[in-house]
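Single chain ahead, written as structure tokens, the form predicted on its own.
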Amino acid sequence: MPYGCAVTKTSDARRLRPAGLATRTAIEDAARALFAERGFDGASVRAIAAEAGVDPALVIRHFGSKEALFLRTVDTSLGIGTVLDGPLETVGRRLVAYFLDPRRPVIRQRYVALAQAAHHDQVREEMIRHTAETYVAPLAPRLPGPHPELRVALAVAQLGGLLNLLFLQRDPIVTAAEPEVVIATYGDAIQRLLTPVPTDEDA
């Protein structure tokens, strides 16, 4: 489910006349492209309006705020559900491989944009909702052992740390490492949160 599904109601768009719908679509298309290209901070309302060929006031009129427009147009799901649907015993490596896949350059763009906007309340709340719906809801019921929701949330936080090193800090140690090594090493670390190996104390 894309971010912003609960931000801009479909019924609002249905009340628009064809010209209004065309304007709204043009703004969304422009915002989607500029947020991906420049990130949240670099894509101003004025720049989005110019790209869409409309007055900046129309951007706010249709979406209420830059944050709401951002949430409407940025989708980070990108099929992540299919990754989580697979065998639980290997989900850690599959998650890391998914985000490291060079065929998905848009992941980096969208992660950077989200990270830049995370200090805005509206964006932060949507990110929390996204974690709950996309990761916790499908994974927690499948996990053995105590505190399954907490463990999934911590696994998502751990994954976010990797994305931060790769896409924001561009840490040379991590970026220079072979993808297969990162997938195995970091994927197994995430896996230990989701399916921890029983210890003698658990017996």
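Bear in mind the structure is a predicted one, so any value in this text is a computation, not a measurement. Start at 1 with the first residue shown and count on from there.
Beyond the structure shown, there is the form predicted in complex with a further copy of the same chain, which is absent from this document and is the topic of what follows.
Output flag, Arg93, Ile128 and Thr131 jointly within 4.5 Å of a further copy of the same chain in the predicted bound form, heavy atom basis: Yes, the whole trio is in contact, each within 4.5 Å by some heavy atom.
Listed residue that, although a further copy of the same chain is not shown, lies within 4.5 Å of it in the predicted bound form (heavy atoms), from Asp55, Glu37, Asp29, Asp41: It is Asp41.
Listed range touching a further copy of the same chain, judged in the predicted bound form by heavy atoms within 4.5 Å, from 65-73, 174-182, 47-55, 29-37: It is 174-182 that comes within 4.5 Å of the partner.
Non-hydrogen atom contact Arg124 with a further copy of the same chain in the predicted bound form at 4.5 angstroms: Yes - in the predicted bound form, heavy atoms of Arg124 and a further copy of the same chain come within 4.5 Å of each other.
Contact test in the predicted bound form: Val136 vs a further copy of the same chain, heavy atoms, 4.5 Å: Yes, contact at 4.5 Å.
Contact label in the predicted bound form: Leu168 to a further copy of the same chain, heavy atom within 4.5 Å: Leu168: yes, in contact with a further copy of the same chain in the predicted bound form.
4.5 Å heavy atom contact, Arg103 and a further copy of the same chain in the predicted bound form: Residue-level check for Arg103: no, no contact with a further copy of the same chain.
Partner contacts for 141-173, taking a further copy of the same chain in the predicted bound form and a 4.5 Å heavy atom cut-off: The stretch 141-173, when checked against a further copy of the same chain in the predicted bound form, contributes His147, Glu149, Leu150, Arg151, Ala153, Leu154, Ala157, Gln158, Gly161, Leu162, Leu165, Leu168, Gln169, Arg170, Asp171, Pro172, Ile173 at the 4.5 Å heavy-atom cut-off.
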